[in-house]
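A lone chain, given as structure tokens: the form predicted alone.
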């Protein structure tokens, strides 16, 4: 299963997806969210949702010198926090900027495609889908 942005035009920038992500991790605030909502210039220009696109051959995993990012069978990666040395190569390698950084832990925050954010999005922007994602709304 993979997280898909199905209709970006519905996004109002509420950040409920970001709060849901951190709540799933039992954390308050937004600092460890694995999904981010960014303004494209306010309500007039809309918003975009930045999250892992589940690359079939993820450049972030290829860039990791410690092998701390393991490709998922359905696309995307899982982080072995113990193997990660915090070098940031994964962050630099991500083509869309979906590897967010936990400054306190000096480790990446990367979406694991659990779908928790999608179940809490009040506007139907996100969906957990089987197979390759389309990102029709992007």
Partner chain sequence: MLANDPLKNVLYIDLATGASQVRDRTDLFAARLGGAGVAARLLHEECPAGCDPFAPENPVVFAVGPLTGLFPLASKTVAMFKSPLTGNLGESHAGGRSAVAIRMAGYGAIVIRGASPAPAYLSVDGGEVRLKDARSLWGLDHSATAGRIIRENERGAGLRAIMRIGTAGEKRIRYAGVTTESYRHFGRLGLGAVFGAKNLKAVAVGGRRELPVAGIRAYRELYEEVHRAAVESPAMKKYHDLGTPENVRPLNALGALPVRNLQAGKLEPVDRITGEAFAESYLGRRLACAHCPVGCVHIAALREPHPAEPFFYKTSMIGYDYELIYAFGAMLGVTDPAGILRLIEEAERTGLDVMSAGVVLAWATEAFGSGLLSAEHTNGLDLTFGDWQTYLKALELIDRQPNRFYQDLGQGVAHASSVYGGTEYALHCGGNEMPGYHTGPAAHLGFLLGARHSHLDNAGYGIDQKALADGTALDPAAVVDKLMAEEQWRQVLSSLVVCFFARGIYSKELVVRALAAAGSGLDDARLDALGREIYRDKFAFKFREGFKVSELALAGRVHRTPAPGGPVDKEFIAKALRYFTEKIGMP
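Positions refer to the first chain, counted from 1. This one's a predicted model, so the numbers in the text were calculated from it and none came from an experiment. The term rigid core refers to the maximal set of C-alpha atoms that superpose within 1.5 Å between the two forms.
We do not show the form predicted together with its partner chain, though everything after this point is about it.
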- Interface membership of residue 29, its partner chain in the model of the complex, 4.5 Å heavy atom rule: yes
- Should residue 13 be classed as touching its partner chain in the model of the complex when contacts are defined as heavy atoms within 4.5 Å? yes
- is_contact(residue 33, its partner chain) in the model of the complex, heavy atom dist at most 4.5 Å: yes
- Looking at the partner-bound form in the model of the complex, is residue 95 within 4.5 Å of its partner chain by any heavy atom? no
- Which single stretch, out of 51 to 59, 67 to 75, 108 to 116, 80 to 88, brings residue heavy atoms within 4.5 Å of its partner chain in the model of the complex? 108 to 116
- So which residues in 35 to 59, when you check its partner chain in the model of the complex, have a heavy atom no farther than 4.5 Å from it? 36, 37, 38, 39, 41, 42, 43, 44, 45, 46, 47
- Query: Quick one: core overlaid, is residue 104 moving 2 Å or more at the Cα between the shown form and the other one?
  - Reply: no
- Message: Superposed on the rigid core, does the Cα of residue 73 end up 2 angstroms or more away between the shown form and the other one?
- Response: no
- Query: Quick one: core overlaid, is residue 41 moving 2 Å or more at the Cα between the shown form and the other one?
  - Reply: yes
